[in-house]
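So this first bit is one chain, no partners, the form predicted on its own, shown in structure tokens.
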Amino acid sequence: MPEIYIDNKRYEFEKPGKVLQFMLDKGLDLPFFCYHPSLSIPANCRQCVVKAGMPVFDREKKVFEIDDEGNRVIRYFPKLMTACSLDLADGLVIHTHETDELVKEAQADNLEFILINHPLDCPICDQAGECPLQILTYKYGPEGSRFEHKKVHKPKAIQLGPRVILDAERCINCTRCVRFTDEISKTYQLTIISRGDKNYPTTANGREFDDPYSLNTVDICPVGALTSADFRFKARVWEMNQTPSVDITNGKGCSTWLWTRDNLVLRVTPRFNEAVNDHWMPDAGRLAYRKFNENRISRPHLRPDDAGQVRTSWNNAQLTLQEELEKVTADEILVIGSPHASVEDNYALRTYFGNLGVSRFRFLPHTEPGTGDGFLISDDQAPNTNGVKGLGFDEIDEKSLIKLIETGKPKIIAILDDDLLGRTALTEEHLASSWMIVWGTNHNDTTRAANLVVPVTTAAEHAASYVNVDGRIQRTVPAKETLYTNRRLNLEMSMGRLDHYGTKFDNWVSDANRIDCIPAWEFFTRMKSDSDTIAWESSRQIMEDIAGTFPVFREVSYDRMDEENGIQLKLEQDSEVKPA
């Protein structure tokens, strides 16, 4: 097998590749700025230089030349090489800063050149704490600056577009942002202007940076040159908790990170998942922080008679629903599942009403034809359409749903977290003759028209799974506390931050911003009667029931989803299996 020597240690490789990526895959340390595994390689920052050479091979004798000590004679390249662009080769010898003083000096000198005109903005820069330039300067840079002249000044706080702000003085011209718009989003909206120490990235005159993936340039910027307009000056990265999750604003279901402080989601960033979204996500998915924080339903709401909605207790909400259900038969109940709700909540809805004798369950897909781009934005606006189908809910269109309500005249309509009025699938006239209960996360047209509203958790507050448009099931991890959960007691929640330490001053211990809500499945558990089979204690247990009932979800578990970064389902299997 081909071999390569790095700092006098032997490594084997199977596939062609570059030295830098090979070292990163092996967990070896080498500084770099401009390189990104999903972008082209310009090798313009020069930070990843190494000393490289090949053993001398005698073609006539067909043997390697050996020195007096019995080692192979190595002929080194005349100049230091950039590891990001250097191909792996059998017998290649690499020396990094760990074993070569020239490489160490070159990396320190390069950092000194980069820092000559870089402003001392670290105390006020959003990138502080996760800034590669800051980190590498501490690790490999000079102890101080010898530059005593006035720094070059460039435009600051320039609004490139609705979501991205540029500070040109911080830019080190790695060109990652330009390459992203050229190679990934293909909008070609950014370019480098001017020359020498005056250049920086910007848009063409009169154009704005409105790329639907623009905030990815903020993620990959190795300094604080590009910042998010929404997150700017909101929090320090070491103050926030980082939790893995899933984008619930689109059918693609990008893997994400939720960043929380004071029990609020302050930003959403992409989480690498080669099978779903690579390193990227659309800007629209990042706006989910508003759904998690704003306009939330807290405590149940009840509409007594024809009066307006008022807050009520959980016990009263349960008793009210129980009283209404006792007035009707199973045939007079219309149950509408939701592609916006999790697999577990939809299963709990189906199980509870199935125990009451309801046999048919509907759901209305939320698609907007023409909005997809063939990349990470799909026509499907819901994160779990395939999950609802896999549970055996019958898909129905708007006209058929209206006809079903007008002809069947259900006395009770149960809707799980779907704004059917807001997306004009139904009107209040269609629902006027029915008593309606809605399990919802945020106030909307549908919840305001309901007779009973039960507040339920969002993807930021519960552990639950979603099946994307490609049939891959992924799960969320609770990032926010509700009124009834505690980060220290909930084993699903993470206590780790970027600094890995917890103190009594941690912002996550605040009781502020807690919503009075519970997972939908927990409400159905509270509603169970002595004859019910509902006895769930966690969403993990619900998934075990689902995996044992529906062929589509066979062998699915939270542990597998965590280990494999999601599981690819076989959606063509027959899922029409009724829960026991």
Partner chain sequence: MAETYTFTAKDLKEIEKITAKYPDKLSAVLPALWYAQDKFGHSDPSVQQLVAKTLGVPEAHIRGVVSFYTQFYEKPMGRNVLDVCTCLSCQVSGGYDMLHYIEEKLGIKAGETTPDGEFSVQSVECLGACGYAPMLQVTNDKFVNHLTREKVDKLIEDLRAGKKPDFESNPMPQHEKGS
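No experiment lies behind these values; they were computed from the predicted model shown. Positions refer to the first chain, counted from 1.
Unshown form predicted in complex with the partner chain; subsequent notes refer to it.
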Task: Non-hydrogen atom contact residue 355 with the partner chain in the model of the complex at 4.5 angstroms - done: no
- [ ] Using the partner position in the model of the complex, report whether residue 449 sits within 4.5 Å of the partner chain, counting heavy atoms only.
- [x] no
Open item on the list: So in the model of the complex, is the partner chain close enough to residue 193 to count as touching (4.5 Å, heavy atoms)?
Closed with: yes
Open item on the list: Whether residue 407 contacts the partner chain in the model of the complex should be assessed with a 4.5 Å heavy atom distance threshold; does it?
Closed with: no
Open item on the list: Quick check on this chain: which one of 138, 238, 77, 188 has a heavy atom within 4.5 Å of the partner chain in the model of the complex?
Closed with: 188
Open item on the list: I need to confirm a contact call. Of 124, 204, 483, 157, which residue comes within 4.5 Å of the partner chain in the model of the complex, counting heavy atoms only?
Closed with: 204
- [ ] Name the stretch: of 145 to 153, 92 to 100, 264 to 272, 205 to 213, exactly one has residues whose heavy atoms fall within 4.5 Å of the partner chain in the model of the complex.
- [x] 205 to 213
